[in-house]
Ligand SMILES: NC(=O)c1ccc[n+]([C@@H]2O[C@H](COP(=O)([O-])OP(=O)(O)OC[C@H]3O[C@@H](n4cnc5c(N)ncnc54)[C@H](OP(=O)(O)O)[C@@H]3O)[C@@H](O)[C@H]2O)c1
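First, one chain by itself in structure tokens, the form predicted alone.
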């Protein structure tokens, strides 16, 4: 254990972070220091039971806690929770976490990134999505400083394939046994990433710094439209799958988590917010436009095949491996907490 490289993981109890912690632990090459606000949470206790994983209580939006977390580590995997701290704070603490890591001599810094939607859409404001763009701005800044002293890599994800279980992509079962996806998605391809594979790509980055340093690795399991999601569901399950495209307004009225929700919906509604906070409707109007118009379908699938030859090859394969039947399961940590604290 003494010769294991210590990796700090921030955001490790979330849906994306858990497979990263597990991959690092199972590799036998790394130990993990997991920063968590609540070491008594079910997610934290589950991860702490893994080999070579220790918990450090602290918050991602505390500079004092970040200094303690980065002290003495070889590498870091950092995923800030914008749905809790908001766009403005995610930018500030995203930058500070990077700066503090450099202060403490971290050797390899992997930032969990999302498409910088506003930039990739040609600076058209109708695609400004707060939680995408906050990470995208920080990711661009990190790579702009080069690779001297500390290696840096971006792991850029899109929507999770597992959101077909939980969140924005869950279909509704009809009385006749069919399943309907009713949303404002147009016919562009969306780069869906299976959570199971995120740990493998993250481990590859730490194992191969000569290739991953300076790399913005855009990952996906499959790039598919919603019509293709419904068709694949029908082919796999034998049940009728339908995509019903509705207007944004019709969708938003039904999908809004609570009336007047803000983009950092994981925080209680009465917490003070300034004008930098987008509403849930503003944020997810842009989110649906960007992803469903195919603006994020820029993944190099051949390169991903080379990195992870045994990866899940397609949406169809994922559905078959998971025995996916269209029915919901709890996947996303923030939604789980919201349901627990505020009810369904």
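Just so you know, these numbers come straight off a predicted model, no measurement behind them. Residue numbers count along the first chain shown, from 1.
Keep in mind the form predicted together with this ligand is missing from the figure; the text below concerns it.
Not one of 32, 139 and 209 comes within 4.5 Å of this ligand in the model of the complex, counting any heavy atom. Although the partner is absent here, residue 83 sits close enough that one of its heavy atoms falls within 4.5 Å of this ligand in the model of the complex. Shown alone here, residue 98 lies farther than 4.5 Å from this ligand in the model of the complex, counting heavy atoms only. Using a 4.5 Å cutoff between non-hydrogen atoms, residue 60 counts as a contact of this ligand in the model of the complex. Under a 4.5 angstroms non-hydrogen atom cutoff, this ligand in the model of the complex has residue 37 among its neighbouring residues. With the partner removed from view, the residue among 229, 114, 194, 73 that has a non-hydrogen atom within 4.5 Å of this ligand in the model of the complex turns out to be 114.
Listed residues 158, 199, 171, 94 were compared with this ligand in the model of the complex; 158 is the one with a heavy atom within 4.5 Å.
Just one listed stretch, out of 274 to 282, 60 to 68, 24 to 32, 304 to 312, contacts this ligand in the model of the complex at the 4.5 Å heavy atom level, and that stretch is 60 to 68. Residues of 123 to 154 lying near this ligand in the model of the complex, listed in sequence order, are 131, 135, the criterion being any heavy atom within 4.5 Å.
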